[in-house]
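In structure tokens, one chain follows: the form predicted alone.
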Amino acid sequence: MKVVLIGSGSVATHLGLALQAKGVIISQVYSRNIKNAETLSEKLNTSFITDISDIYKDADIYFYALTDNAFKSILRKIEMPEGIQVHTAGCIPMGEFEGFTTKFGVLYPLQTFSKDKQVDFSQIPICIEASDLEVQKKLLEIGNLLSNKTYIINSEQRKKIHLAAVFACNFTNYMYDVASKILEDSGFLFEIIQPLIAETAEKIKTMNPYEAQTGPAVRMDKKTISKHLSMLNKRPDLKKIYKILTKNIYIRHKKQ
């Protein structure tokens, strides 16, 4: 099986490495950024291009690992090859391919990726959507090659999964960043809070997140909440976030 990667970011990097490790041939990498294209092509020991008109036409599958805007831009520029066209995004409808090709789909790896952080693809849920049963069979083959957790879903389900992922991962990581800065200002390293984070993550493997919720907001501990808010007087943005989250947690857990 021959694959072309359209994109050179974190998703393209990890997907390319995972596919190659399973014997899939990565025949070409495309990126507008020559440095990124060259870096990924070296990792995969393959060729790269920065002009989409130079794309190989003989690959079996073309993976688009791009932002929403970049994806739409490429679709307008590319001379569509005959192979299966697949994007990897959480929020782009599969129907965006319609009018450009007849064989298309989505292979969405539900994970956060950083270029220099290794991941175990066998544990990553792979969400698949396809234009027809033939494409679905091929994407399931790839999904099962990469992971032990493959799901067939539709675009609406994928959008909701992506929204859930933003809350659970992206927003949570921002909270880690906020906590890190508060600790830094107090002369502590972030590592002091890491056991707490690890226990929270471990706990929700066996408990519902609702049941696992603790803290002053659940019991509406006004004295503690007031102290915290006063500490955030110089950061009205964080004070607003604290108030919103406190209110929402309390309402969610308020006994009727």
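It should be emphasised that the depicted structure is a prediction, and the values quoted were computed from it without experimental measurement. Residue numbers run from 1 along the displayed sequence.
What follows is about the form predicted together with a further copy of the same chain, which we do not show.
A.B. asks: Could you work out which of I74, M80, L145, V119 is the residue within 4.5 angstroms of a further copy of the same chain in the model of the complex, going by heavy atoms?
C.D. replies: Comparing distances to a further copy of the same chain in the model of the complex, the residue within 4.5 Å is V119.
A.B. asks: Which listed residue (D221, D54, E38, D58) meets the criterion of a heavy atom within 4.5 Å of a further copy of the same chain in the model of the complex?
C.D. replies: Spelling it out, the residue with a heavy atom inside the cut-off is D221.
A.B. asks: Quick check: do A21, S27 and I49 each get a heavy atom within 4.5 Å of a further copy of the same chain in the model of the complex?
C.D. replies: Negative, none of the three is within 4.5 Å.
A.B. asks: Any chance N33 has a heavy atom within 4.5 Å of a further copy of the same chain in the model of the complex?
C.D. replies: No, N33 sits far enough from a further copy of the same chain in the model of the complex that none of its heavy atoms falls within 4.5 Å.
A.B. asks: Heavy atoms within 4.5 Å of a further copy of the same chain in the model of the complex: does D132 have any?
C.D. replies: No - in the model of the complex, heavy atoms of D132 and a further copy of the same chain never come within 4.5 Å of each other.
A.B. asks: Might K160 be said to contact a further copy of the same chain in the model of the complex, defining contact as any heavy atom within 4.5 Å?
C.D. replies: Within the cut-off, so yes.
A.B. asks: Does at least one non-hydrogen atom of D177 fall within 4.5 angstroms of a further copy of the same chain in the model of the complex?
C.D. replies: Yes, D177 is a contact residue.
A.B. asks: Would you give me the residues of 56-90 that have any heavy atom within 4.5 Å of a further copy of the same chain in the model of the complex, in order from first to last?
C.D. replies: T67, D68, N69, K72 sit within 4.5 Å of the partner.
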